[in-house]
Structures are given as structure tokens and as C-alpha cells.
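The chain below stands alone and is given as C-alpha cells, in the form predicted on its own.
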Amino acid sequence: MSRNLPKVGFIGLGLMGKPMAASLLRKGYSVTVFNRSKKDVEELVALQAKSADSPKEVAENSEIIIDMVTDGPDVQDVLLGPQGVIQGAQNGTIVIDMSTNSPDVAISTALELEKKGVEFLDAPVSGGDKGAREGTLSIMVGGKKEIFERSIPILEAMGKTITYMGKTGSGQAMKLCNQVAVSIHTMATSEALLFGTSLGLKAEEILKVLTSGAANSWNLQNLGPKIIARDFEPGFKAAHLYKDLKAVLRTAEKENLPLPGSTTAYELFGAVLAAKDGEKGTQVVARILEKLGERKIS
């Protein structure tokens, strides 16, 4: 292990966080981890990670700290809470929030950390669990340009496309743009398959044609086959997309922006949660359309 590599802390070892932390370990970084579920911690300790009992302890042993948790309140708890990173971080520590929340959360968190001399980047990701496992995530980053440039090697250990978006909050703003497109594409994939199969077309042939023309998308290529196979296991959980769409619409209201597609997607994913399918992958929205149409994609 190179002595020149900074010590890294990683908080949040869920569907995305665990493989991201594993990527850092494979690249030779010393990584201290914290997670509520000890099973996930033990799996990374087996890969030579070090275990901490709190985010504060992570900070005490790290120069760069990454958090990958569920929502804004979780970010503020692990970073700013009584046992949070801010309690153990040294002056000059860099915190990289790779969760998805909102520009407002990024800005307020950065201001609080700055009081302790701690630098902050908001750097949410796209690419799902597959991208996390393969280290090919797209990472969109907001914050001070010089801090971003210092953090590039760490980000490149987890992602393939690293894009600096601008001031603090810009990374989160870009991720919400991404979630607008993702949610509508997921809806479109499901609708196209339901419509076509209802007219007697074969689902596999529908995908073959759509992915070879102007309608093609990552969603059609990756989630279309899963819908046909009735595979609703998560690469990205429906509940998390619903949460992200809530942030989109809250921000859109603040900016007085009409987002009819996002509004419809939000309602459909709300129905997914009502059906207790929030822990399934986003492609499970196809089930809601099937229920509404009283027919199956087959």
C-alpha cells in the first residue's frame, strides 16, 4: 500500500456504498468504515478495512471521508450529529457526500463543516449497483474547484466519468436532473412494453426495435429485459427514486417550474410504495401500470 495515499473513511455500506468502499480497498487505500449493519462492516474488514464505532471515530482516523447514506436527515446526522464526523474531523479534512439529497442540504452542511475548517464536496453518483461494483459510476461534483481537483484520484477509484459541475450544491442539482430523466425513462420503458404486448407484439421484439432506433436508452437496454423476466430485484430501489422525486418537486415548487412528467412519475412511485414494493428495483413501476391496465407485460 502506497504511503502517499490519504487515509479514507467511508460511512454507509448499503447497496451502493459497500462496493464503492471495496473499490477503494482494491486501489490500495486504507479505509475505515462505519455502518449500522455490522454484517456489511465485517465483509469489508475481511477485505482489510478497519472498523469504527461511530462517524466521529471514522473522522478521527481519516483525511478524506465519504458518506453514502439515504437522505438529507441521514447526511446531517452522520456528518453534524453528536457522534458525527464534525466532532472528530481535523482542520483540512475533506468530506465528500455521495448521497442524493438536495442543493439546500449540501449548502447548509458545507457551511456548518466550514466552521470547523472541514472542506466539503457534494458528489452524488449514477450507474446503480452495477456501476458501483465495477467502479464505472458517473460522479457529478459541486464545491470548491481546488478541493475537487485534490479529490480526483479518490473519485476515479470509484467512477469512470467525473464531472465538476460548479459551486456547492451543483452536484446535487445535477443528480436531481438525472433522476428526472431516469424516472420518466423508467415510466416510458414500462409503458412501451405494456402498450406493445397488449397489442399482440412480442416483448423481446419490442425491445429489439426500440433499442436500435431513436427511442433507445440505458433504461430500455438494462431494465427492459428485467421487466420481461419479472426480475424486480434492485439495482436502485424504488423507494429511493421516490425520495429523490420528492426533492425534485420541492425544488421545482421553490423555483416555480412546471414538471408534469416528474409529477406523474412521483405519483406512480408513490403507488409503488403503497403496494409495499419500495425495496424492489425501480422497474417494479411496471407492476403498477399492469394493475391499472388490468393486464400483464408478457
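Numbering starts at 1 and follows the sequence shown. These numbers were taken from a predicted model, which means no experiment stands behind them.
Unshown form predicted together with a further copy of the same chain; subsequent notes refer to it.
- Although the partner is absent here, Thr32 is not a contact residue: none of its heavy atoms lies within 4.5 angstroms of a further copy of the same chain in the predicted bound form.
- Within this chain, Leu289 lines the site of a further copy of the same chain in the predicted bound form, having a heavy atom no more than 4.5 Å away.
- Within this chain, Asn91 is remote from the site of a further copy of the same chain in the predicted bound form, having no heavy atom within 4.5 Å.
- Shown alone here, Glu205 lies within 4.5 Å of a further copy of the same chain in the predicted bound form, counting heavy atoms only.
- Of the candidate stretches 146-154, 190-198, 112-120, 82-90, only 190-198 has residues whose heavy atoms lie within 4.5 Å of a further copy of the same chain in the predicted bound form.
- Contact check for Thr163, Val209 and Leu259: all three have a heavy atom within 4.5 Å of a further copy of the same chain in the predicted bound form.
- A single residue from the set Ile227, Ala132, Val125, Met174 has any heavy atom within 4.5 angstroms of a further copy of the same chain in the predicted bound form; that residue is Met174.
- Counting a residue when any of its non-hydrogen atoms is within 4.5 Å of a further copy of the same chain in the predicted bound form, there are no hits in 227-241.
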